[in-house]
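In the block that follows, a single chain appears as structure tokens, in the form predicted alone.
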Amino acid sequence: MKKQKTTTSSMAKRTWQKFLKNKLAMLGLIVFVVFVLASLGAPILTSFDPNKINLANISRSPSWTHILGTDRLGRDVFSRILYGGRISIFIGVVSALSGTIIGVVFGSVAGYFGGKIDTLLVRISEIFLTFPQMILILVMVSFLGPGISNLIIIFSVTGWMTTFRMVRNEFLSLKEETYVEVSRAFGISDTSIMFKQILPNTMSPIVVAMTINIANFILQEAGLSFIGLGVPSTLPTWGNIINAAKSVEVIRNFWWLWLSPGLVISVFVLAVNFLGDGLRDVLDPKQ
């Protein structure tokens, strides 16, 4: 037992050292952590209420008082970005995690058992993939309506297919390995073999798919909120902030209303992609 713990600790140390050598992955991790901490610590970083209307400070340009200016209702843009990050990041992470869990379970079952179960699950995924994801999301939004919980449900239901296919393909290959046959010979249950023996060897594509989904869901939330179909406009999100800056007049004369949230979304999504690529390289046993 002591030797096993030592081996595990040594592998974890080597994995961390390998991750540290990937500069883009470290940059992505740092940016991700900074954005999350800044959103959680919004009350410390700003004293302005993100929803407080101040008609005396309408459309003020960036200054020492309002470092990212104010919008057309006099609300502080910096505070809205910080508080909006809470909702946008929450939707992206929870939706990606939920979709990943669905994809992992379905992919594991389909790849391990095969046969009619595999055929059924593959056909279901193909039905979902028949429609462009954004069209499918818009249709579901029209039925369920906008809202944080509804968006998470919609993203989870429409975002599991990529993970499903990756996990299924890995299981189809790995279930023929010797260690799986030995586990069966010793009478180990199928559930244990699937989730304790085979699944840990598929973590690389799962992590990559999840990070990609986090980035995509944040972009999709921003897009839906921009057209008024995402989170209600009374709640600050990165998409709702940009939604207030979609007129030609604002684009021409009030650049800080669209540039700031646009840069925040772009930088965060890029950081998540860098982090995902780094984790893929570290977790892939073939590397």
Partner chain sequence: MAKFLVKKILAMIPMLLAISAMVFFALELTPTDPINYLISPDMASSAGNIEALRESLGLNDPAIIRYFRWLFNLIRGDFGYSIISGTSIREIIMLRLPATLELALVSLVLSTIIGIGIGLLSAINQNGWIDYVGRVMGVVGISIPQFFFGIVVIQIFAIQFGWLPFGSRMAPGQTAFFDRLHFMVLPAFTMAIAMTAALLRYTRNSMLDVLNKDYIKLARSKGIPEWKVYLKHAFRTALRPVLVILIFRLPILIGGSIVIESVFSWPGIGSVILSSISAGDYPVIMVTTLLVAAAILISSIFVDIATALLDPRVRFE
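Numbering follows the first chain given and starts at 1. All figures in this text were calculated on a predicted structure; none of them were measured in a lab.
There is another form of the same protein, the form predicted together with the partner chain; it is not shown, and what comes next is about it.
Heavy atoms of no residue among L45, F48 and F155 are located within 4.5 Å of the partner chain in the predicted bound form.
Residue in contact with the partner chain in the predicted bound form (any heavy atom within 4.5 Å), chosen from I117, L97, L172, I127: I127. Between the partner chain and the residues L229, L235, L29, A38, the one pair within 4.5 Å by heavy atoms in the predicted bound form involves L229.
The closest heavy atom approach of K246 to the partner chain in the predicted bound form falls within 4.5 Å.
The shortest heavy atom separation between V33 and the partner chain in the predicted bound form exceeds 4.5 Å. Interface residue remark: G262 is counted as part of the site for the partner chain in the predicted bound form, having a heavy atom within 4.5 Å. A residue is said to contact a partner when one of its heavy atoms sits within 4.5 Å of a partner heavy atom; G69 fails this definition for the partner chain in the predicted bound form, lying far away. Only one listed stretch (179-187, 140-148, 97-105, 195-203) carries heavy atoms within 4.5 Å of the partner chain in the predicted bound form, and that stretch is 140-148. Taking the partner chain as it sits in the predicted bound form, the stretch 245-276 comes within 4.5 angstroms of it through a non-hydrogen atom at A245, K246, V248, I251, R252, W258, L259, G262, L263, I265, S266, V269, L270, N273, F274.
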